[in-house]
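The chain below stands alone and is given as structure tokens, in the form predicted on its own.
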């Protein structure tokens, strides 16, 4: 039995990215998943040192690497999603100047008006409005406005400012579209057919983003830099657009990591790629259905958008008991996707691989703060926290404790059998 510690009051209010939405740099893009910067700060205060090398296997929008950079801690991080990788890279860049930012902003405002594009084309049939289509993500007018901004931004000769303004454009795409984020997926806005957005409104949303957030944050950063209050660490050099399961082995030295702070995709049968599909398609990060499929193959096996053929498993009694319960329970259920049990099995195969890599890379005494949530299928609880603890222990880690962070609602059909799902932070320590 593992030691559980009640952190509901401490962690419950800081385990969501929402608290970052008004924070400089963090607010540049409305990320959905992940924790707030206060979670990172609380860990560093607990450890009591900044003389550390950290590893973040699932970088997301770069919260961990950015907050550690701000206090002078090196962080090696990995992100497989190309949009998220770019967002992290843009937020970690610490050589912007206010003069150049304003210069390129003026360049965009002047040149977007000169774009004469009148037609929209895409490999994705529902991206833009068209004849005989029942639904589309962008009306023609708003789609053309977005395209004019994109074309103009892509003519910027400075790569880092091109990336900066691309992220700004990505941040307003939902507002310019007929979609909204419904949990972890995209849905059509109410009465979307009757709410066209004109070019001026799209341009104004983009301009407001630059004026009220990006320029202000860069100006403040530059003042602090001139006052020598800015960290000299630049974690942009240690951010990789790669699948951590394969890349940690080649990019990280053995016995070099003091601290791991991460939150992997939860075992919720959803592909986090879907959440950001509008940006991926509109801005050319994925150009075809095949490229989307290839990206999904590189993600942690926490979803059922790919049919996994891998027969691997982990020799772990706790996991096997869970899989047996799932197999038995599924016989009495109308299974909405036959890959669910394979997904559960392979999720923990991925966890085994991850913890094995981390054990090799961490120094003796190094700690892992692993934020994850339990799940449920067929009225069977998947105790992800304890399963990860058991697998990590099997590899050689000491399980210090499981911190209760907050309780999440499960689906209505699971509510009666399993109740709410615990989200927590698994604390591990590497000891020889």
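Numbering follows the first chain given and starts at 1. Everything numeric here is computed off the predicted structure, so don't read it as measured data.
The same protein also exists as the form predicted in complex with a small molecule; that form is not shown, yet it is the one meant from here on.
- Residue 245 belongs to the set of residues with a heavy atom inside 4.5 Å of the small molecule in the predicted bound form.
- At least one heavy atom of residue 298 is located within 4.5 Å of the small molecule in the predicted bound form.
- A residue is said to contact a partner when one of its heavy atoms sits within 4.5 Å of a partner heavy atom; residue 265 meets this definition for the small molecule in the predicted bound form.
- Within 4.5 Å of any heavy atom of the small molecule in the predicted bound form lies no heavy atom of residue 169.
- Only one of 28, 397, 369, 58 comes within 4.5 Å of the small molecule in the predicted bound form through a heavy atom, and that residue is 58.
- Taking a 4.5 Å heavy atom cutoff to the small molecule in the predicted bound form, the contact residue among 344, 278, 358, 80 is 80.
- Heavy atoms within 4.5 Å of the small molecule in the predicted bound form map, among the stretches 105-113, 216-224, 250-258, 299-307, onto 299-307 alone.
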